[in-house]
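Before any questions on how it binds or moves, here is one chain, the form predicted on its own, in structure tokens.
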Amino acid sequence: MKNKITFGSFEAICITITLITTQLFLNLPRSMMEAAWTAGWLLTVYITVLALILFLVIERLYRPFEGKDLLDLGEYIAGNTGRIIVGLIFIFFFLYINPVILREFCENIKIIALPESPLSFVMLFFITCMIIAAYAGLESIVRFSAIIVPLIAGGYIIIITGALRYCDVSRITPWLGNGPYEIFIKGMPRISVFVGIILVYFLYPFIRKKSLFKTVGYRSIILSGIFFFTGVLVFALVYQYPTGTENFLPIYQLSRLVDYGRFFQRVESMFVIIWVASALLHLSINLFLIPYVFKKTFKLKYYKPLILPFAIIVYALAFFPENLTSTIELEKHFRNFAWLVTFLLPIILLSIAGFVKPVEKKGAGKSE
């Protein structure tokens, strides 16, 4: 069945950037500083280049399979069994990260804005918005992101430029932080910060011109890398290592420093707005993907009846971590291995599909 919904490159880039960069508003600058000390900014450049190289490989391998997502590739390789295996990998993948991110956002918003509200109430607000967005469908989420993402980017730029007055270049010396080995060898798994590029693989059948797949992927990675670089660099220039590793919500701390005179203060309130908007977009597209992938994996006719059950599962799983610290630890473990699913799995699937094409051509799945 052909897709009735199609998007241009701008909409696809906006939603993909949201999925990638939301972690910037959580703990990314601090985690980069923990990994590379004063060279956290250099680590972001390194992993951005790595992500571009790996996506270049994926894009080249993808060319013979225009319009197919990863589930279609699994079916192309091994029929229903291949599709189900690939689908289950991504279902469990999203069911792990979505509750963790939901819990982390809600814990943080409770601390900085709603200290008297029960955690269950804050999470209920988020999960309700996620359900509404998922029921509205992919088109509504993507179209809305094209409107809200430029506003989020504008707010972020205001925060970063406002904090420049507090920067000191001497705070990022030594330039190589804790050494080249820590940055270029041990820092390689940090490429998992680009886990959101997974969305491009599932949006491929919906992109208006299939040739734009390359454009969407490259621009999403480059723009996200710029956001990562500026956020980590400015944070390191303001809060010297090791002081910066103790800061809660680094970009929020930067927003508290912004002061443009008597009539433009308390910019952290702007941070809360763009933070919540970014979080809701991120969580909503993740919630949509779970029933969508489940439906396509098992060839069901509809995905909407699955939204509420999966939302309840996500809500329940979000209570499993004992506290914010254990939630952050779970996210760290996820980031250490997420690159395997984000980059390695597509390369393996595409490489195998290239060899089995003459044999398994009849098993190729059709995009929905």
Partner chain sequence: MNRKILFFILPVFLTFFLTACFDSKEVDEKAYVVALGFDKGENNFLKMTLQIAIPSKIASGEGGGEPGAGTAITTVETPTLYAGLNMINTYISKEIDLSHCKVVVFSKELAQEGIHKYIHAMVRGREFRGSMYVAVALESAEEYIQNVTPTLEANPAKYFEMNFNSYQYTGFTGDTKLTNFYLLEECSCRQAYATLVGVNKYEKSHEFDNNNSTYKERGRDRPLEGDFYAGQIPKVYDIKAEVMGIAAFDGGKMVGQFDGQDALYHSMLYGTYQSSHISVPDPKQPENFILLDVKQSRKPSHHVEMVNNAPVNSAEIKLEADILSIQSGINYESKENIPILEKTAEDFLEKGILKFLEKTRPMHADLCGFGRDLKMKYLLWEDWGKVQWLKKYAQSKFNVKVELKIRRPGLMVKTAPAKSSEGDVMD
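Residue numbers count along the first chain shown, from 1. The shown structure was predicted, so the numbers you read here are calculated from the model rather than taken from an experiment.
Note that the form predicted together with its partner chain isn't included here; everything after this is about it.
The single contact residue among 238, 195, 293, 123, judged by any heavy atom lying within 4.5 Å of its partner chain in the model of the complex, is 238.
A single residue from the set 185, 164, 111, 226 has any heavy atom within 4.5 angstroms of its partner chain in the model of the complex; that residue is 111. Its partner chain in the model of the complex comes within 4.5 Å of no heavy atom belonging to residue 210. Within this chain, residue 154 is remote from the site of its partner chain in the model of the complex, having no heavy atom within 4.5 Å.
For the chain shown alone, residue 38 is a contact residue for its partner chain in the model of the complex, at least one non-hydrogen atom being within 4.5 angstroms. At least one heavy atom of residue 268 is located within 4.5 Å of its partner chain in the model of the complex. The stretch among 80 to 88, 165 to 173, 187 to 195, 284 to 292 whose residues place heavy atoms within 4.5 Å of its partner chain in the model of the complex is 165 to 173.
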